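Consider the single chain below, provided in structure tokens and representing the form predicted on its own.
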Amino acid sequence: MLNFEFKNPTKIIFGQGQTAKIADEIPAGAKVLMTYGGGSIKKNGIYDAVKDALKDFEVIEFGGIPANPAYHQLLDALKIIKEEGITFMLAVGGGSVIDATKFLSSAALYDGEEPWDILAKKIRTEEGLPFGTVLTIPATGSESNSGAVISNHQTGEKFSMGGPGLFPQFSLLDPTVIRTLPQRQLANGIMDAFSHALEQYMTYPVKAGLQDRFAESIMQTLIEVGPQVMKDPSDYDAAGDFMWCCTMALNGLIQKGVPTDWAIHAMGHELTALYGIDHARTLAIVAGSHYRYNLDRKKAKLAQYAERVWGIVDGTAEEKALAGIKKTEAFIQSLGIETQLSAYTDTYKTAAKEIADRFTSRGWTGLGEHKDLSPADVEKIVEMAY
């Protein structure tokens, strides 16, 4: 196991009927900016419950945050924060709303001229404006980590940011919220969480037995409960397992003491920037090709994954590894998610070179757990995903 440090300061409030507890977690006298998305929370009762919990606070709302939160739109919210003297934020939504709020948390205390530099120049956020979250769409794990991803539609870029100042103070997780989610969002959430666990696991063995088992158990649970929540989102027990898997897959725990990859996410972000494809579905597009292309150096872990997660015990290490990849793609497809880029756009044939050129221009010349996956390798992987 590799050396590591671990601290996650986010308080989790898990279960149904606990919205009123939000008031106990926000400092008395705080002036609150409540952020949310397209308005579905006003239809499913979450908005009213949160507003009731905030009745003793001065609250300003900023809604309309889309999937893949847009930088220039968020500048309007940043202006509100500064002009109104906001002292606390509450993100009510899924990963996009929470990520947007993390950007605002960082930008609110940033003393530079251009807040986009936080992302473009990878400026680490040591201190941010405090915020909490009310999770409405399980998927990204953003409710319990310090990372975020923001899109700049003017430049066609999608970058990540992070730092210890971006952990939520608290996060309310109520599994009943998934009852009103569309099938597409449920499938995306399952895929996103599965990929998070996979990308922190599928590297090479470092004798981190407990970490491997943590990751494997998250994937096994998603394989088990994923179809259940899609069939019946009102199944509270399955919904609870699903929501907790999404949180645990990316709260920092399973990555400690092990190498991590994240090349799939890097390529996936570009597919979203280029074509507007759902984040989770870009991961589905790239995953199989990435693992086949890197079969030799991931073979040992792929074979272990095939054995422990999918019960594949016959054959050589390579045969098991390839069978594990096929099982993974079949699982993704069973969620109704296509795994080839050509299913999403007719202009896919230019994607591989364009993404490779972008990586070259940014100096991203060493991706993956070994930091040696070149733009030329990326181009071949994306081509395999056509």
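Residue indices: 1-based, along the sequence shown. Owing to the predicted nature of the structure, the values given are computational and were not obtained by experimental measurement.
Heads up, the form predicted together with another copy of the chain isn't pictured, but that's what we're talking about next.
Of the residues 209, 85, 112, 311, just one reaches another copy of the chain in the model of the complex with a heavy atom at 4.5 Å or closer; this is 209. Put simply, of 262, 204, 275, 236 only one has a heavy atom within 4.5 Å of another copy of the chain in the model of the complex, and it is 236. Although the partner is absent here, residue 125 sits far enough away that none of its heavy atoms falls within 4.5 Å of another copy of the chain in the model of the complex. Remark: residue 365 does not count among the residues lining another copy of the chain in the model of the complex, judged by a heavy atom distance of 4.5 Å or less. Shown alone here, residue 221 lies within 4.5 Å of another copy of the chain in the model of the complex, counting heavy atoms only. Contact annotation: residue 4 falls within 4.5 Å of another copy of the chain in the model of the complex, judged by heavy atom distances. Annotated contact segment (heavy atom within 4.5 Å of another copy of the chain in the model of the complex): 241-249, selected among 104-112, 184-192, 241-249, 289-297.
Residues of 1-23 that come within 4.5 Å of another copy of the chain in the model of the complex, judged by any heavy atom, are 1, 3, 4, 5, 6, 7, 8, 9, 10, 11, 12, 13, 14, 15, 16, 18, 21 in sequence order.
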